[in-house]
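First, one chain by itself: the form predicted alone, in structure tokens.
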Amino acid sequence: MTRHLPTPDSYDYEWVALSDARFAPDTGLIRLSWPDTTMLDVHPTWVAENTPVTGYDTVVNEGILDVREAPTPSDVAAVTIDDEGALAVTWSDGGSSKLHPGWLRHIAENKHLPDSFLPDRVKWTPADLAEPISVDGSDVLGDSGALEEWLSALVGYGLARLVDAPTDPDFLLDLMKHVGPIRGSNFGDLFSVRIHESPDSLAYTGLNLGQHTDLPTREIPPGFQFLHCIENTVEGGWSRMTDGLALIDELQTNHADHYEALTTLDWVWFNRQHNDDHRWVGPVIDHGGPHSPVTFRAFYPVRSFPAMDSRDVSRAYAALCCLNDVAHDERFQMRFAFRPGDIVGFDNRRVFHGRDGFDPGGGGRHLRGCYLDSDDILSRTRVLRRRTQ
């Protein structure tokens, strides 16, 4: 039956029959219509590329048709709707294509775009979110519902916490196997945030850490960071989080000149360790391309040289002071303590994090950490949400 038509992905689509399909030789496009007046224009070559078996491999769902050998508008012999409402195209060489109308409909509704099947991004301040959204992590490896809930909150708010997870130092590695591949760095795949006698980062001291994002020295900084609390008996050392989306609103509304400087004036970001020499040039608030997520480059220990006209340096520093004032303002800064078994994940390119200072001799403090790329977090979240969306 036609309704068993495969689609070039792993989703199930409601069968929403077409009401009209016609080819327009003047535009070279096929216009599709549904009974509720929803419309979609598609190119004949694209139809051929998305035809099961001849256009894409139905096992791996990847295209196999060389665009140089694909049909063009001049090869369209007929465009019709079959008896069950699927698009049917006959080509001049006698070949044919049939496409699932529900799959076509999801494209007409823009449900094929990157934000599809992901939770909406929610901007927050401590007035809205006093602590990270928390999910029971005691059986997260065996409970896909808990994993989905945690990752959905993480993507939506840029910050979420598992509580009561095991305190085994290797548990974070086991958990990440259910999420996505770890992105390594010069700190290793998994790293321990604890006091080092010869630290190569301020994180390995008891010093206060101002609000920042990690690894701005990279072309693409890690998307998400995860910190797993193994032990924490020190006084102080509270974690601080600030939502960058709220900061952008505040800066655009009340500090427009500083916002312009933060988004247009470049700095050289340079980690000056003995065995590593990562460098990148970019603004503090990097909006990238039109489809890129915002990236904050805001780690003062590795902000090394202004890469701008000398006449702009003074206003660049003034803008940095403004950003730090807002990032540390209690109106925007969430504070909470780590407890053993907590696993806090946060969007490293969106959410600023910091830490109150603590006395290294006043107890034990051990966090295990790692990074993952945003692509892998979003992919896993979409797959988990397929069941419920």
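Predicted model, so just to flag it, every value in this text is computed and none were measured. When you see a residue number, it is the position in the sequence shown, counting from 1.
Note that the form predicted together with a small molecule isn't included here; everything after this is about it.
Using a 4.5 Å heavy atom cutoff, none of A21, I30 and I107 lies near the small molecule in the model of the complex. Stretch-level contact analysis of 70-78, 250-258, 287-295, 220-228 against the small molecule in the model of the complex, using heavy atoms and a 4.5 Å limit, identifies 220-228. Shown without its partner, this chain lists A165, L172, L209, L262 as candidates; in the model of the complex, only L209 has a non-hydrogen atom within 4.5 angstroms of the small molecule. Of the residues given (I182, V193, L99, V155), V193 alone sits with a heavy atom within 4.5 Å of the small molecule in the model of the complex.
Though the partner is left out of this view, L367 does reach within 4.5 Å of the small molecule in the model of the complex, counting heavy atoms only.
Mapping the unseen interface onto this chain, F338 counts among the residues with a heavy atom inside 4.5 Å of the small molecule in the model of the complex. Mapping the unseen interface onto this chain, E148 falls outside it, with no heavy atom inside 4.5 Å of the small molecule in the model of the complex.
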